[in-house]
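A single chain comes next, written as structure tokens; it is the form predicted on its own.
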Amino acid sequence: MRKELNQAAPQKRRRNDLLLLAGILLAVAVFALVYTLTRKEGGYAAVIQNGTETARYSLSEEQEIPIADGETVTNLLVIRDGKAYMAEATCPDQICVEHRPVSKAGETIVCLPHELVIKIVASEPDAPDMVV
């Protein structure tokens, strides 16, 4: 009798482990779905140099924006098809150039050597976030 109980315990533990794994996977899937469905489309690409926002460009207008640090152009920001990406940079690692295009509010492209951040924002600087 004791032997039968010992054999049933590993099967029950395995079943419980599978149920726990299924629950975790379901929770992750629900979170990913909610996150994807609630993301806002970006309206502008904010250029932040040395911690200060220096410019904002509409994602609806196709344009190429040279970004300078002092008098030297260090990066080339391109806006096409509602997405922003870094086409060129003078930094050695080129991580910002290899980054995928961004278009959703909150997404960023960072160029650490030039202390440059391109952040996608939903509205203009002084526009209200909501109307009451």
Partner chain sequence: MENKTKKVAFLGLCTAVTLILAYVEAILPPLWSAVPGIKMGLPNIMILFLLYRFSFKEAAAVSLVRLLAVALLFGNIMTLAYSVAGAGLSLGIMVLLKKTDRFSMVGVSITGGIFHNLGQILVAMLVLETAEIGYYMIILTLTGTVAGILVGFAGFLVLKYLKKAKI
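These numbers come from a predicted model, not from an experiment. Each form is matched to the other, and the largest set of C-alpha atoms that superpose within 1.5 Å is called the rigid core. Numbering follows the first chain given and starts at 1.
The following text describes the form predicted together with its partner chain, which does not appear among the structures shown.
In the model of the complex, Gly82 stays away from its partner chain, with no heavy atom inside 4.5 Å. Within this chain, Val28 lines the site of its partner chain in the model of the complex, having a heavy atom no more than 4.5 Å away.
Remark: Gly70 does not count among the residues lining its partner chain in the model of the complex, judged by a heavy atom distance of 4.5 Å or less. The closest heavy atom approach of Thr108 to its partner chain in the model of the complex falls within 4.5 Å.
Applying a 4.5 Å heavy atom cutoff to its partner chain in the model of the complex picks out Ile95, Glu98, His99, Arg100, Gly106, Thr108, Val110 from 94-110, in order along the sequence. With the core held fixed, the Cα of Arg39 is displaced between the shown form and the other one by 2 Å or more.
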